[in-house]
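Listed next as C-alpha cells is one chain, alone, in the form predicted alone.
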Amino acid sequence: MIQKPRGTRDFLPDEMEARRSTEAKMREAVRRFGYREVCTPEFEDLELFTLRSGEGIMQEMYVFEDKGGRKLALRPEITAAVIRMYINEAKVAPKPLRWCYFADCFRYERPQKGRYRQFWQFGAELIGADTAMADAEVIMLASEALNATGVTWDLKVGHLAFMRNLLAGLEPAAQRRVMAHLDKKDFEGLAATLEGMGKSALNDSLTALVECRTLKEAFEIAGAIPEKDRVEQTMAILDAAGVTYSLNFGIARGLDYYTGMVFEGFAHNLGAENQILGGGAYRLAHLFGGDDVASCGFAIGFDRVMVSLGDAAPAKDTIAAIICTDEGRSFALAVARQFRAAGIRAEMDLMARGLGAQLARASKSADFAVVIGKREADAGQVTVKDLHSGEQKTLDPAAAVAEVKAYRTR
C-alpha cells in the first residue's frame, strides 16, 4: 500500500473545516487593515533563497533541476518570493503596499509534532514605509490575526539596535557565533566564546540586555543608539493601540537580515516547539536587483496554531437530510434547492434506500431529517424532525428552512 510521503499529512473533512474556519478569521482580521492577498509560485529559482541565506540552506530544501537544466527549489518560506514579485510586478506601484498571503512551504527536516516537511504560513508584508507607525502597524496586524483564532499566546517585541550597539566591535562571523548562543539561551557557551575572543567584558552587558524588560534598562545597558526616538515612538503606538506585549531585547535571530524592530509569538500549550509567529523590519529587495526599499512583515506558523487550538474546533454546519419516497422525489429536489439557497447543507439519499434506512443513516450525521412522502408532496409540506430532541413538525418548505436556520443560531 502506497503511503503519503514522510512529513506530510492528509486532512479529512472535519480537519479541513476547522482549518478553513481559522484561516477565514485570520483573513478577515488582515482585510480590515487594508491588506490584500497575493500568491507566488510554489517553486522558484534556487538563487532566490541562497542569495539571502547562503548555500547551506540547500540541505534543508527540496532542490531539483528541470528539463532545461535550471536549478529550482520548492519554496521554504514566502517573504523572499513576495519581494521578488514586488520587484518583477509592482516596483512602481504607489506605496506603501499592504500584501498578505496564505500558502504551503517545504523544508527537508526531521518531522515532529508542529514541524512538518510540508507546512502552511499565513503572513503579511508592508513594503515601502519606513516609520515607527509602519513598524507598529505590522505588530498590531499580527496580534489581531492571531487573537482572531482564539489561540492563547504571548507577544515579545524587541529592537536589534541595542544588540548591534553592543556587538559593534566584533566581526560578522563572531557576531553570528555570539547570536547563536543568545538564541539558544546558552549563557555558559556565550561566556566561553567571548572569553576565547578576548571580549569577556561583553558577557555581563549581553546577559543583562537579554534579561531586561524595560526601555529604560535597555538604553542604560546598550548606551546611546541613533534609533532611540524610533523605538520609543513604536512602543508608544503599541501602548496607545492596546496591544498586549512584553519587551525582549534578547531576540537574537536574523541579525544579518532584520534591520530594526523584531517580534515573536509563543503559544502557551505547545511545549518546546511553541513559537507560532516571527517578524520584523528588513531590507531584502536590493539583493534581488531591486531598490533598497524598507519592508516589514511577519509569518504565522498555521499548523502550530491548529495544534495549539486542539479540540477548540469551530461549530459545524447544520445538516438537513432530505428523506423521500419515490413519489416525493421531485418535490424533495425542489425543497433541497430551497435549503441550499438559504445556505444550509442539504443531503439527499443516493443509494435507493427505504425511508427507515434513510432515517437510520441521517441519525448518524445530520441534525434534521426533512421527510417527504406522497402525502407531504401532495400537500406541498414537509415533516421536519429534530434528530437531537426527537421533536417533529409538519411545515411548509419556507417555514422548514426558517426552523433549521434558527437552530444554527442557538
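One-based numbering along the sequence shown. Just so it is clear, the structure is predicted and the values come from calculations on it, not from any experiment.
Form predicted together with a small molecule: not shown, discussed below.
Exactly one listed residue, out of N165, Q275, T152, S200, brings a non-hydrogen atom to within 4.5 Å of the small molecule in the predicted complex: Q275.
Only one of the listed residues (F331, F339, W99, F119) places a non-hydrogen atom within 4.5 angstroms of the small molecule in the predicted complex, and that residue is F119. Not displayed here, the small molecule is kept clear of H159 by more than 4.5 Å at the level of heavy atoms in the predicted complex. Though the partner is left out of this view, T79 does reach within 4.5 Å of the small molecule in the predicted complex, counting heavy atoms only. When the small molecule is considered in the predicted complex, E125 lines it closely, a heavy atom lying within 4.5 Å. When the small molecule is considered in the predicted complex, G260 lies well away from it, no heavy atom lying within 4.5 Å. This chain is displayed without the small molecule, yet in the predicted complex the stretch 300-308 from 143-151, 300-308, 243-251, 91-99 comes within 4.5 Å of it by heavy atoms.
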